[in-house]
Each structure stands twice: as structure tokens, then as C-alpha cells.
Ligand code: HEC
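Given next, in C-alpha cells, is a single chain: the form predicted on its own.
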Amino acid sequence: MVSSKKLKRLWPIAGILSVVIISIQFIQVPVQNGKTTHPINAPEEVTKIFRKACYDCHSNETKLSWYDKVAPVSWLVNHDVEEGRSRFNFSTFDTLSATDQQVRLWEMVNMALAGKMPLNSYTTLHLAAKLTQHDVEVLKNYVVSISPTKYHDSTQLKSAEEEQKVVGDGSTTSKNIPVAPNGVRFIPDYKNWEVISTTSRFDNHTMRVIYGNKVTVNAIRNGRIKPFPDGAAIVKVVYNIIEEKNGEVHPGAFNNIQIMIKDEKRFPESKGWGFGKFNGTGLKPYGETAAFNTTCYNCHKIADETGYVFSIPLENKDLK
């Protein structure tokens, strides 16, 4: 039992805590719901899943429980909703281009497959928001259906081969190297680096060859990727896939080159990673302002277990 003397000592502390808890209720900005102007246009079975698992953070139809309105919980809720809406908003989803919608939808599916979304902190208090295996399959089948395969003709293979000879042929000199809005420069020498992975994305029908510089390769070999050291650089070369009816795939037209460089001083808000994307054979820098760096980083958050880098090669012990 607690002695009377200890109780007397605890009362002032309890009183102070009560005052603090009451006071902080006035230091908060409640979540504001905007209008639903261009909601996502999808089958009812799909939208039902989004509504139960995603809408509280990714729409203008956030529904708050009483405990969501009590500080300091309300601060966390407000932060999560603001970040969620900044990534994609189901209430304005139909304003995105068809391509951007496919990218966002596949991001959702990949996050769900990885168990990253909905957040565990959210589903702990909102049990109905948990996704079942059936839910995930419904979402996956839907995004596959909106990006159907297109088969090629023989002329596409020939034109793709000619284009691949042009890209990265050394025509970029120190005077005309493209630079992304955040200062990340194109790296002409990437073809002399080691290939660390190859991947395909059948959602947008592209295949990728991923190169790493010596700093990156050494970090991967030595298991020092959390975090990657400064100076690490990764180049991802993206080609459109040419698919044949017999199941064979070939690299088609050049699509873009994506670059990641690690520099803690220059990019502290994205875990030290600076991103660049250069489109077409002209290597046109993507993004109007440096703000696009945050968009890239948000996508890579799912890969926090591998230093925010996708497609890390398997270690020998992992090979079967």
C-alpha cells in the first residue's frame, strides 16, 4: 500500500500534470475537411476497401473519434492526415493524369503487400481498417486491369535498338550535363559502374537496369546500408518493355534515367538522399522546383529497412 506521506508527495505532481494536459488542449489545430471535388472513379468493391483503410488520412472525409481530438494524440493525427493528403487525396484523385493514377495506385498496393499501410498505429485503434488478404488481391487485380499489356510489332524492336545506341553515348560533356532542380547532376560515367540489380514493373510496362558506384557496391557487400555512406550513388536506367505473346520481354524505347546520391549535408530532410530524374533521349530534368525531391523520398520510405534503396541484391546466404 502507498503510505500517506507518499500520497501527499504525489498530489502536487498529479496537479501539475492535470494543468499541463488541460493547457495543451488549447495548443492544437484540428483536422479540417475540404470538399470532395473529383473523387476516385473505381468499382464499388475497390472504393469500399479504400474507404475503410485509407480515407481517414488520404481524403477530405476524415472521421475523428473523440480520442483523436485530445492532445497530444491530436497532434499526431493532424500530422499523419496532412502527410497522407500531400501524397495522394482520394477526394481529388480524378484530377491526376491516367499515368499518375496508375503510379499512385501501384504504390498503394505495394505498401499494402509490404504491410506498411495502413499504419499499425492506426489499425491498433481502428481494427476495421485492417486489410485482409482478399482486400489486397482485389486491389492488385484492379490496378493490373487498368494497365493492360500491349504487344509489339517488329518495327518497335528495330527502333528501340537504334535508340539504345544513342542514349548514354557520351554526348554529354561537362558543359551541357543536365541538372535536376534540386542540384542533382546527371552522371555520364554510370555505364562503367557495376550492375547491382535488374527489375521489371508490369504495372507501367517498364524494365530497369540499376548501377551502383564503388561506394554503393562496397556498402552493400559489407552490409553497411543503414545508412548508406555519403558519396553513394545509384543510377536506374528505365526502358519501356516490349512484350511478346509467348511471354518473352525485351527492352524497348528508352524512358528515363533516375539518380540517387547520398549527401547528408545537402539533403538532410530526405535522410541524406538527393533524387534526380531525366526523361527521354534529351535527358530533360524532371520537376519544376526542388520540392519534387520530397515526393521521391516519400515513395522510398517503404524501403527504410534497406537504407531507402529498392532492389538491394540478395546475399549469398539468401540464395536458394
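For every residue, the number given is its place in the sequence shown, counted from 1. Because the structure is predicted, anything quoted here is derived from the model rather than measured.
From this point on, the text means the form predicted in complex with heme C (HEC), which you will not see here.
Proximity to heme C (HEC) in the predicted bound form, taken as heavy atoms within 4.5 Å, picks out 106-114 from the listed stretches 185-193, 106-114, 219-227, 91-99. Put simply, residue 33 is far from heme C (HEC) in the predicted bound form: not one heavy atom of it is within 4.5 Å.
By the criterion of a heavy atom within 4.5 Å, residue 236 is counted among the residues contacting heme C (HEC) in the predicted bound form. Although the partner is absent from this view, residue 210 contacts heme C (HEC) in the predicted bound form, with a non-hydrogen atom inside 4.5 angstroms. The shortest heavy atom separation between residue 199 and heme C (HEC) in the predicted bound form is within 4.5 Å. Counting a residue when any of its non-hydrogen atoms is within 4.5 Å of heme C (HEC) in the predicted bound form, the hits in 268-300 run 275, 276, 277, 286, 292, 295, 296, 298, 299, 300.
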